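The chain that follows stands alone, in the form predicted alone, written as structure tokens.
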Amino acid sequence: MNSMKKLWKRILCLALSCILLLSACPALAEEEVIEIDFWHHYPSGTGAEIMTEVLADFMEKYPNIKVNELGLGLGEQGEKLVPALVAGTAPDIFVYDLATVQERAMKNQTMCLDEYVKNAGMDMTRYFPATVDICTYDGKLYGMPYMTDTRVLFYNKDHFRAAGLDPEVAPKSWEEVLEYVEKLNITDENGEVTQVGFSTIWWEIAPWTMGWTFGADYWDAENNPTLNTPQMVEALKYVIKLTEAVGADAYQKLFDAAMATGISPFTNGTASMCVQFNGFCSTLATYAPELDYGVALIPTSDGVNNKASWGAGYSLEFTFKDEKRAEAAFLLGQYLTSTEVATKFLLGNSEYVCNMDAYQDPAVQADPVWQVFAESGEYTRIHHFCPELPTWPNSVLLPEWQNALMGAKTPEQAMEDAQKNMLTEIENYRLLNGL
């Protein structure tokens, strides 16, 4: 009888031990350290310092996640990341070109985020609309909007005052720009132009932006190119007209003189208006700290409709190693795009973040320049992704635009040829790839 009692006692002890071990398993799982690799775009400087601080905060918040970071310079990103994606050795989460998210999605190099976004209850409407659209391929999300840029009108307030123009009111329509240019162009007693009203280096604003501000679009609902619309021809005709009003030769002389010193005509005060991206503020702070300038939305054909700008920037993208690493990487992505972290980068490094809520910070609200940038972001577009020819803006549209500006073709012929060239490129791609 005693032996039976001892046997049952041993069985009960063994069972109790098993129960205790099983109940401890979840705690052990929670304590398991998950390592993820993260490549970002801050090799050094203030951005790198903020990133290190942010990652430390994240790992303190999630002690079972260890982030191995690597900051890469602009050239290094493509050199290291592209072959890593091809080889399947890319990091769990990385920062890369926002405009080409869809290309990597098409090649199945990155992870679809739909389920993660759904499970996390993320509100994607808090990000600039174009940045969400460009992260979407075939109706699914493949990137998280991270940082972007926008282009606005910069204008010299002192020039406006001298010309009798209100320094707090920028032109809203392209016709108003012509009126302003007439008042802002200055010629000295020798007939030499010393100041022009507008910068006519057209890569600053780009043909696609001009077309958008006239109501043009370059793709229809079935993803067919529409480069030769009446609106696009009208935009091109206007650019030729504005170039003539400024004086192409006069501006070129001022441009060459300015660039000899490494700065632009707007920066040295020989051009009154230009279109530039938000980062131009840093250039002005360095090379023209006393310049009194304002910023405004890019003018449009009628000053009311067709508000538009052009942007690109950076996305956060993910590769799948296993479910635990994927979930950890997504948590990091959520944190990096949160309002808290976005505001840190905005205020600490003047980054143009995609999270619109960051612009509600009181310090940003008090800055009229940043408020224009925030508004411009709502109208900013990113190039339509064409899988047959992702480079279409520069390889097809821009050359024909330049042909018209140089007088080699009429605007109508230039846009007709752009359309033909685009269709040819698409057809050739499909034939070569058996599509």
Partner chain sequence: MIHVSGKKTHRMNKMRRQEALYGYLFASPWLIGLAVFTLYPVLSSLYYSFTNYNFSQNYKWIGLANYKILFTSDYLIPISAQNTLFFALLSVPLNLVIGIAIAVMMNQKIRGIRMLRTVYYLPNVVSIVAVSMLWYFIFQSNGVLNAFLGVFGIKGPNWLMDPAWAKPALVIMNCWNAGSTMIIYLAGLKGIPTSYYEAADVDGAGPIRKFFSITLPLLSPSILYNTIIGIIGALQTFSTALVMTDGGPVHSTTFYVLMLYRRAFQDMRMGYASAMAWVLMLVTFALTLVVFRLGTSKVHYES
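Just so it is clear, the model here is predicted, and its values are computed rather than measured. Positions refer to the first chain, counted from 1.
Another form, the form predicted together with its partner chain, is not on view; read the next lines as being about it.
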One stretch from 374-382, 393-401, 66-74, 36-44 that, in the model of the complex, holds residues within 4.5 Å of its partner chain by heavy atom: 393-401
query: With its partner chain left out of view, which of 304, 285, 120, 82 would have a heavy atom within 4.5 Å of it in the model of the complex?
result: 82
query: Quick one: of 244, 256, 114, 188, which gets a non-hydrogen atom within 4.5 angstroms of its partner chain in the model of the complex?
result: 256
message: Taking its partner chain as it sits in the model of the complex, is residue 260 in contact with it (heavy atom to heavy atom, 4.5 Å or less)?
response: yes
task: Report yes if any heavy atom of residue 217 sits within 4.5 Å of a heavy atom of its partner chain in the model of the complex; otherwise report no.
output: no
Contact of residue 425 with its partner chain in the model of the complex (heavy atom, 4.5 Å): yes
Exercise: residue 388 in contact with its partner chain in the model of the complex, heavy atom 4.5 Å: yes
- request: For the heavy atom contacts within 4.5 Å of its partner chain in the model of the complex, list the residues of 290-312 involved, in sequence order.
  value: none
